[in-house]
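The chain below stands alone and is given as structure tokens, in the form predicted alone.
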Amino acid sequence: MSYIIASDLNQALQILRDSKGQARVIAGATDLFLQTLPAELVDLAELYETTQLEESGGLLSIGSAVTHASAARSLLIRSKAAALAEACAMIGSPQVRNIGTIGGNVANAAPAADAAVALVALGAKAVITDIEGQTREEAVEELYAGYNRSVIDSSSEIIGRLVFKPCAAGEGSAFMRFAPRRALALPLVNVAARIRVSGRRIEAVRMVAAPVKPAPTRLFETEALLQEIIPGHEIWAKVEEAAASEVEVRGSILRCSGQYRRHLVGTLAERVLKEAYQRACASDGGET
């Protein structure tokens, strides 16, 4: 097996073209040894194109090789995409966060990947370039081909960056998870939300939970409860009930029952929506 550190995106794509399907791109590679090793590895972790984090043209752009630790510390992400900062701060251990990447969290296609759940709630798209030089954008939730299977072919395609509109005045986001341990444990449930308000009235909401289906899953029925209203105690109670009843989840002898996981979805949904709502109201200059 050979290992190449690419100097720029064009070189990485050329290596993939020349390898004819025998090479694979990596960045943090924290899950690499859980899988079959390819003949050739192409490391993207030092590419300028994949390591930048900036706000430009009305979008927040996060390079696919930006690490979880960098994202969690970033003042830009913490102020304009709090859900993503919170998700990245909970992934793995300090060692994993220091080397694991945003793009890898998406491309690995785990159904409850923390960063991916937050990105879906934020409305993020992946900017993907293939070996023919063609670039396209795909919503993060559309990149799942099944449980732990991505539509991204890492032998012929590269996620360059993730882009989405940052939270502006009157918007807020939040992320929470529940796991057996505070670190080094996969979540039994994780939930993220993004809310926009005018005054105290909710104008728009995106609510995402996992693991529900192979991909982070929008809870459309729960979102509908909050459209164009000023929420109070009764509404938050209905949100918890609606989120729990909307999902179809699997139980596991090793992890937890489906009934317990459904309960966790409802509980976290209420808490996350409340937190995102409070942040949105605070950024709008109002009180919750």
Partner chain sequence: MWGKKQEQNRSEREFSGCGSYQSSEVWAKVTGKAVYGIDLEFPGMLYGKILRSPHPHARVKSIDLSAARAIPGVRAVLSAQDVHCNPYGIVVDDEIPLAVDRVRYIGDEVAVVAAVDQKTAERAISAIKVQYEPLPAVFNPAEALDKQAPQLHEDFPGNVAWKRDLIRGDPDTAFREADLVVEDSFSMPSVHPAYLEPIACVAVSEYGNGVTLHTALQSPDLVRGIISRALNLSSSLVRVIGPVMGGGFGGRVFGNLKLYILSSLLSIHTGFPVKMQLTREEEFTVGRPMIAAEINLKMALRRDGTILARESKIITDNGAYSAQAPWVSKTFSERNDSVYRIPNIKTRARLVYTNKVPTAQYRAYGNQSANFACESLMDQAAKKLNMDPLELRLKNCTQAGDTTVHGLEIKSCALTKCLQRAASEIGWDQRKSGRGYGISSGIHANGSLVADKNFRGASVRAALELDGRVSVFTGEQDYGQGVHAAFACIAARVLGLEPDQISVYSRDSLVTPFSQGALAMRQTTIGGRAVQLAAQELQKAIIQKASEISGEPVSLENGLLKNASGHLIELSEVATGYHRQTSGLTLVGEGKYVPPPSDYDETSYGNISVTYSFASHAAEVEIDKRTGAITVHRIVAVHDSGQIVNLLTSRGQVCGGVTQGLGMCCYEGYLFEGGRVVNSSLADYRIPTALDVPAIDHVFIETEDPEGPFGAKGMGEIVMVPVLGAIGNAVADAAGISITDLPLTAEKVYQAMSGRECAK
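Only a predicted model underlies this, so the values are computations on that prediction, with no experimental measurement involved. Positions refer to the first chain, counted from 1.
Note that the form predicted in complex with its partner chain isn't included here; everything after this is about it.
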Classify residue 22 as contacting or not contacting its partner chain in the predicted bound form by the rule of any non-hydrogen atom within 4.5 angstroms, answering yes or no. no
Residue-level question: is residue 278 within 4.5 Å of its partner chain in the predicted bound form, judged on heavy atoms? no
With the partner left out of view, is residue 224 within 4.5 angstroms of its partner chain in the predicted bound form by any non-hydrogen atom? no
Partner contact for residue 147 in the predicted bound form: its partner chain, 4.5 angstroms, heavy atom: no
Only one of 130-138, 158-166, 109-117, 175-183 sits within 4.5 Å of its partner chain in the predicted bound form by heavy atom distance, namely 175-183
Taking only heavy atoms into account, state which residues of 53-90 are within 4.5 Å of its partner chain in the predicted bound form, ordered by sequence. none
